[in-house]
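Quick heads-up: it's one chain on its own, the form predicted on its own, in structure tokens.
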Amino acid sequence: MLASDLKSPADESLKKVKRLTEVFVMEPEPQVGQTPKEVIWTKNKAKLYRYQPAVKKTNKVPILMIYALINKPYILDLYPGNSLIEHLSNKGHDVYLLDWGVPGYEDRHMKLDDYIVDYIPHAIKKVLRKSKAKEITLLGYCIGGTMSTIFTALNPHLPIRNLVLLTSPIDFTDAGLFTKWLDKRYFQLDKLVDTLGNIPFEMIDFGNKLLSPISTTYGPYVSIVDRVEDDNFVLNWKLMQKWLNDGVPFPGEAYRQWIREFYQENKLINDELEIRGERVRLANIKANLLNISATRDNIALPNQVAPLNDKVSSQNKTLHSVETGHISVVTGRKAIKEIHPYIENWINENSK
């Protein structure tokens, strides 16, 4: 090797700065939600998608996915090779997803009742008709899982064969720092909702980041500086940043209800919650249950997730704990290698 081939620390630093500039300024965001799909039903701003992979649909029980109101639908179909929807579809499952759309100011009066009573039942009816199936699997993520649980408890007569929940809070006795921050003695809930109408995503995101401010604010930028020359790391870093910074507003009345009746009054686990006048009794749930919690989840703590299994009447119920965080349950290396296959295997075994 010639002396002229050796690169000085200054050269290496200059190269890294050039690459960082490309990542932050010049390169487009990765394209998300690439699994082929068709819209089979719409209601106001909501859409029901049916995914169309290249493989034949061999599983007879279709899967309807319900995600959190503050996210966008692509979180479950993030990127080819890193997508729960793609994984299930490629295993022969007939996968559907209910896209809530982006609420505007005119939607500020929407409550959880409206989504649970007016949207989910119609989506299930469309899925069963389209797939020509007699039973269905409901798969909910985060608040979407909580809503799926409520819906299943309210409708024990419907053919819900499997209920699959990913980091979905049910018991709010101890919600960590949120319990202190949302204490009704200090948190001006009504004033906030009455003033803003819908709650901006940025406000929700700021609260989540305060749970671990150093790692969520500075950590990502430290990591990208260290590994900016690793193209695969850069891609996954961009995907994660897009997820974290690309949410939608929380409809005002749904937010008021979520904070008051769940965090402040803990009605769901105590069978005190009413949805459009009907009491939600978790013991009404008889569907096969797969309930997944994450040990490093500081948004839906494991102690908020696990108690559901003691309340339902399901004969077949599994509480599965994974060593990861709230988002990493559905995206990232551990999700791809372990969690997606586990979910698929469980659904497959319980759909025969």
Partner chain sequence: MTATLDPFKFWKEMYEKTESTWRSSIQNTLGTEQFAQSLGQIQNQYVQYQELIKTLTESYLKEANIPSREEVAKVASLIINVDTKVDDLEDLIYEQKETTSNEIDQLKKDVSNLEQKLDQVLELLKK
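Numbering follows the first chain given and starts at 1. All figures in this text were calculated on a predicted structure; none of them were measured in a lab.
Below, we turn to the form predicted together with its partner chain, even though it does not appear here.
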### Message
in the predicted complex, is there a heavy atom of its partner chain that lies within 4.5 Å of any heavy atom of F233, even though the partner is absent here?
### Response
no
### Query
Hey, in the predicted complex, does D226 get a heavy atom within 4.5 angstroms of its partner chain?
yes
### Message
So, R129 and its partner chain: in the predicted complex, are they within 4.5 Å at any heavy atom pair?
### Response
yes
### Query
P213 near its partner chain in the predicted complex, any heavy atom under 4.5 Å?
yes
## Note on the structure
Checking D171, D107, E135, D205 against its partner chain in the predicted complex, the residue with a non-hydrogen atom inside 4.5 angstroms turns out to be D107
### Query
Picking from 157-165, 74-82, 217-225, 235-243, which part of the chain touches its partner chain in the predicted complex when contact means heavy atoms within 4.5 Å?
217-225
